[in-house]
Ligand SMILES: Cc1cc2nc3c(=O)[nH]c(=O)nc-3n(C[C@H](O)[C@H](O)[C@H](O)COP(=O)(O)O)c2cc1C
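Before any questions on how it binds or moves, here is one chain, the form predicted alone, in structure tokens.
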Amino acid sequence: MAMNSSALMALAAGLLPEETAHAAAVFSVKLGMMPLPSYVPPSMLAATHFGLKFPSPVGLAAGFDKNAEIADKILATGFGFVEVGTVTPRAQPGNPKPRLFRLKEDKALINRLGFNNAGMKVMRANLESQRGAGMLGIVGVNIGKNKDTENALADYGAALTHLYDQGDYITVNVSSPNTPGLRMLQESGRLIELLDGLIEIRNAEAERSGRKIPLLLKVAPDLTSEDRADIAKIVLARDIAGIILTNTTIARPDALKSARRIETGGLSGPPLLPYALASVKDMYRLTEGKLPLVGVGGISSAADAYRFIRAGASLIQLYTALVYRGFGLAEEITRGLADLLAKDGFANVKDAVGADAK
């Protein structure tokens, strides 16, 4: 009997080198070797955010499908939406290998990949092909800058323009710890300059095409409360549709068990969860619940997802947990989330957003 991608990912997590395992998982999904859900999300999980109707709030985070090779097939496994990338204007190999490390005892990962991707032209061709074949579902595009680019706006603007008609939303990623200087773009002055420039480009594309794409901002978990307050003010004063909280962390919690905790790079998985959840709680308070937040970081169960939603996240995303559990996790969390909402008497998932902050 053919092995599906969930089984392959779980097997690969134990036997294959990290990047080899990732490539094998992508290839298996491309061949259609993935679990197809038997569960149709109930209407209580459907909600509209920034003009898009999400069938469920459970999404796949950027980083898995870097070049948008399998977005259509990932959507078929039970995700409510998929975010592809991070993509840069020019193809780049990323940082030297090894650069991806499993922390098995912690069910976590450390990566210092450095935006390795095939570039915006390849991503566009891949998305055009899938959309031409009738791809159904919401696909966000996560954009970044090339490592050697000094003019950040030029790179982000190029990617935004080139992929504008292929994304349902565009995420501006200024939070990876693995591209030198990238996180400095979260500083108030630089962030204002970048966002104002991208909004101007987006508005020009909207006028040309007749379709206005939502812009989201993805930030780091390692910001201070003052940093988050500044970002909240900047975003609320501009036409930014939402904030994704968070990227990986450069922190190393004392509770980490794996000897590989000493590796440099961004940490993801369960050890990230407290940082990401605290960021969601803080940003929901700072924005007064006025715009959608996307919670990501260490979510591996329906209970985790529900905690993020009650803290203020309108949507949630998974990634690291899939490495250890496989694609069947999307359906498991979606089912469990519906049960938790019903148990607490919520008619729709939107009613639970920020419930613990109210």
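Note that the structure is a prediction, hence the values are computed from the model and not measured. Just count from 1 along the sequence shown to find any residue number.
Here the subject shifts to the form predicted in complex with the named molecule, a form of this protein not shown in this document.
I need the one stretch from 42-50, 24-32, 318-326, 285-293 whose residues put non-hydrogen atoms within 4.5 angstroms of the named molecule in the predicted complex.
Looking at the partner contacts, the answer comes out as 318-326.
Are all three residues 61, 86 and 248 in contact with the named molecule in the predicted complex, where contact means a non-hydrogen atom within 4.5 Å?
So, yes: the whole triplet contacts the named molecule.
Just to confirm, with a 4.5 Å cut-off on non-hydrogen atoms, which of 299, 330, 70, 309 contacts the named molecule in the predicted complex?
When the named molecule is considered in the predicted complex, the option within 4.5 Å is 299.
Given that the named molecule is left out here, which of 166, 111, 126, 149 has a heavy atom within 4.5 Å of it in the predicted complex?
Going through each option in turn, the one that passes is 111.
In the predicted complex, does residue 269 have a heavy atom within 4.5 Å of the named molecule?
Although the named molecule is absent here, residue 269 would touch it in the predicted complex, with heavy atoms inside 4.5 Å.
Should residue 100 be counted as a contact of the named molecule in the predicted complex, where contact means heavy atoms within 4.5 Å?
Heavy-atom contact with the named molecule at 4.5 Å: present for residue 100.
Although the named molecule is absent from this view, report whether residue 218 comes within 4.5 Å of it in the predicted complex, heavy atoms only.
Yes, residue 218 sits close enough to the named molecule in the predicted complex that at least one of its heavy atoms falls within 4.5 Å.
Is residue 173 close to the named molecule in the predicted complex, meaning a heavy atom pair under 4.5 Å apart or at it?
Within the cut-off, so yes.
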